[in-house]
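Below you will find one chain, with nothing else, as structure tokens; this is the form predicted alone, and questions on how it binds or moves follow later.
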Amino acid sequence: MSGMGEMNLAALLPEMILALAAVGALLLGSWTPRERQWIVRLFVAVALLSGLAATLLAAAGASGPTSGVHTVDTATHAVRAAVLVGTLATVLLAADTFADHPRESEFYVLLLLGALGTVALAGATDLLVLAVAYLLASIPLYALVGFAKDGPGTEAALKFYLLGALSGILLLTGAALLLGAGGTTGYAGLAGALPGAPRALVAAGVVAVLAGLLFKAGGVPLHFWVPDVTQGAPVPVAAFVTTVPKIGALVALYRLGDQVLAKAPLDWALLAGLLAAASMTLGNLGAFFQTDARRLLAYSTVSQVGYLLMAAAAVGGRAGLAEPGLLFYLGAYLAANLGAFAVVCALRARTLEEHTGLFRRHPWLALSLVVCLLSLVGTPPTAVFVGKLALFTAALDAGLGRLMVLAAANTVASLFYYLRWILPLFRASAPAEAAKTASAPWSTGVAITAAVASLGMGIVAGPVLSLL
């Protein structure tokens, strides 16, 4: 294994804030009466904003390895910011769902721990740290999925746990195989040792490690948990699970491919390209005829993983836009997906039919949903359009023209199922639907803010991409 080196704790201030906030929320919740748990919520929100401020200050300074197993660079800063913002949005969504819940403080503790694991996942440069971060980003989420203790949630949590345990075992097995092939678990050592290692051993280790990362990202073929968990979990949990962990997993996968696997004795571009093609295609096919809004968003998130994996497939080529395109796309996806889930949370609606006539009842919610769904398609001038354009360009520069054409075809095809949700918003609603009201101010605020952010990021995409 690689040496730990001297740990630069100052560079890990955002992670330390997350860890201390989790401990503080647990202790504060233990001594706070149940009817005053909003104090814990406020404490967590302040901690997340403090972590975001620390991230912005760190991004303005120097970056580099904090030890031999973790690094802080532009990708790490971007993931920190996205995870902190996504977690804060989830806390606000939970304010409408779990306010005065007997275990409200425990909800926030689990959320913070999952966010901490996600950030650690993105910065890992050692397979053992990657495995530990995987566990930290997974175990709290199993409890969150079953937090409501109802039938669908319990079933979803069990499925999530079983597939997550299998994926974790595969990841650890892959780390052991790569350790045997390269004599180290550090990325720098593996990059130099794997080109001369047995091809079959390296291939088996890589596939096993990818299994764990694809599970966290929700990509094919480890995507089977996504629709059941999204449908069975409480809406704030579904929004978090399908958005935030994906950010850390995809950046970790990109980092592994860029620093280690692009030079390994296997066709990394082909493997990543096949996974990207399968995820975007099967995700779209699964979403085509869904009538449940949550399941539609679940399959949508699987297809989005396919587009994002194009960055990993392009690392071996001369694609300079691969990393900034990936980071920008992840931020754009964060805004669009959380915005769509916020509308679902505000309305407490399950089926697409329940959204009929929404524009007449709640025009701002309807317009926010339209912006977020069109952003997921990749419609200009939304942010996802810029992210897709950057990744399409990166794929073309890397010689992956066929993958780019398939991605473009899938983008056009995805418009079908998003329009199945959008068009009924502007129709006359049935009398039973007209009585529905949105009594969730925090969720409504998140939805509108996410829609504005999606448009704003698309408009100022040039400077943002330059920073990335």
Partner chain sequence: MLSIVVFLPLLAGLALLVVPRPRDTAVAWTWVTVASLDLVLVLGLWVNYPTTTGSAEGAMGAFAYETHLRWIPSIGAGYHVGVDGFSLPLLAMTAVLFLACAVHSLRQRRRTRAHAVLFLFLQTVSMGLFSALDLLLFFVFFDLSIVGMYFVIAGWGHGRATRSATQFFLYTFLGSLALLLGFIGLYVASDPRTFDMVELTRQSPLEGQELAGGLVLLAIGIGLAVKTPTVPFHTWLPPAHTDAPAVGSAILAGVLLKMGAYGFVRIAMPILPGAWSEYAMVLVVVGVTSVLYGALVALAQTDFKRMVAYTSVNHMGYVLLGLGAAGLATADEARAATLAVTGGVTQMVSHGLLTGALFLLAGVLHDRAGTYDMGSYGGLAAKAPLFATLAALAFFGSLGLPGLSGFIAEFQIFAGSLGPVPVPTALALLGILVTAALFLRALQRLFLGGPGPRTSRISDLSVRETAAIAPLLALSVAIGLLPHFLLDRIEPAARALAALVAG
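Just so we're clear, the structure is a prediction, and the values are computed from it rather than from any experiment. Residue numbers count along the first chain shown, from 1.
A second form of this protein, the form predicted together with its partner chain, is not displayed here; the remarks below concern that form.
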Where, among 368-376, 258-266, 214-222, 230-238, do residues come within 4.5 Å of its partner chain in the model of the complex by heavy atom distance?
368-376
If the cut-off is 4.5 angstroms on heavy atoms, which of these, D96, D397, E354, E104, is the one near its partner chain in the model of the complex?
D397
Using a 4.5 Å cut on heavy atoms, which of P195, G180, P152, P380 is close to its partner chain in the model of the complex?
P380
So in the model of the complex, does any heavy atom of V412 sit within 4.5 Å of its partner chain?
yes
When the contact criterion is heavy atoms within 4.5 Å, does A277 count as touching its partner chain in the model of the complex?
no
Interface membership of V452, its partner chain in the model of the complex, 4.5 Å heavy atom rule:
no
Taking any heavy atom pair closer than or equal to 4.5 Å as contact, tell me whether L56 reaches its partner chain in the model of the complex.
no
Scan 389-417 and note down the residues that get a heavy atom within 4.5 Å of its partner chain in the model of the complex; none is a fine answer too.
L389, F392, T393, L396, D397, M404, V405, A408, T411, V412, L415, F416
